[in-house]
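Shown next as structure tokens: one chain only, the form predicted alone.
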Amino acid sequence: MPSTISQSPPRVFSELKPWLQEHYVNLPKRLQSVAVFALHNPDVIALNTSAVISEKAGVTPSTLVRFAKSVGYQGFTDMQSVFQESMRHIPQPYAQRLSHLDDGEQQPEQTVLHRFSQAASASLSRLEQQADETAILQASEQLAKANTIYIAGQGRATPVTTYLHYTLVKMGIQAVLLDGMAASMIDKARLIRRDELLVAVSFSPYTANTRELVDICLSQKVPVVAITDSTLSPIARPDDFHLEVLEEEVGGIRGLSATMCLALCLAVETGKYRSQNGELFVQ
């Protein structure tokens, strides 16, 4: 019989993902699959009956109840109310986010510059404290050994992939940025060889196309290094190298300070490894 997590779970969805990520390893395998489905499909949990949800998740309704109780909720309905709150977590139009910057909750002296600077500082501090440096070195070694590095990411990940590509190329490392139409990117991914590598970057609510590229590469035994915001992310797999980075947000707007720092560290460690083997040419 699965043990129940004693600590009370969050009552708001914005706190649920990091909380559940921390307790994920304590859940039985079957309930871990429910946790992953729930966090990848919060709208399904929020808007449907337990019968519909269980069918989509491939489990029984009783398993949903068992999951809810195992993580500390009184029952499925209690847990569902938290996911219903998640509907407010769906990305809002930027006009609405901008209005939230002046919602009156902040001190008048807290300018936009101050608030984003504080958020960037907090994000970088978390990265320094929580980043797995061994994982960064292992991922960098994989990049250094690859004949060609392919880089993919869309939406908010685009500045990260562009910067990573630029840095690697300036170091004389063969790198290709996968962009363009989804069908074209998928065709290119199918041509990546096992002596090459894919770097995939994606953040919540995650890009389906990036996930598909990861699926293709892993199915072809191509190494994958993923940069994402959770170990429960759909591109953080047991058979890839995944690095986690979280960004503080201001009024629903998230920066990329810590993510850019992580990408730079990954590139520099890759360059150091190649340089030590006499393979680096800095332009």
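Please read all numbers here as calculations on a predicted model, not as lab measurements. A residue's number is simply how far along the shown sequence it sits, counting from 1. Rigid core (definition): largest C-alpha set, two forms, superposition within 1.5 Å.
The form predicted together with the DNA exists for this protein as well; it is not shown, and the discussion that follows is about that form.
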Position in contact with the DNA when the complex is considered in the predicted bound form, options 50, 230, 70, 257, heavy atoms within 4.5 Å: 50
Of 77, 134, 110, 184, the one that lies within 4.5 Å of the DNA in the predicted bound form (heavy atoms): 77
Partner proximity in the predicted bound form: residue 66 to the DNA, non-hydrogen atom cutoff 4.5 Å: yes
The DNA contact in the predicted bound form: residue 62, any heavy atom under 4.5 Å: yes
Distance check, residue 226 to the DNA in the predicted bound form, heavy atom within 4.5 Å: no
4.5 Å heavy atom contact, residue 31 to the DNA in the predicted bound form: yes
Candidate stretches 36-44, 22-30, 214-222, 242-250 - the one whose heavy atoms come within 4.5 Å of the DNA in the predicted bound form: 22-30
Yes/no, residue 79 Cα shift of 2 Å or more between the shown form and the other one with rigid core fixed: yes
Large Cα shift (2 Å or above) at residue 66 between the shown form and the other one, core-fitted: yes
Post core alignment: residue 246 C-alpha displaced by 2 Å or more between the shown form and the other one: no
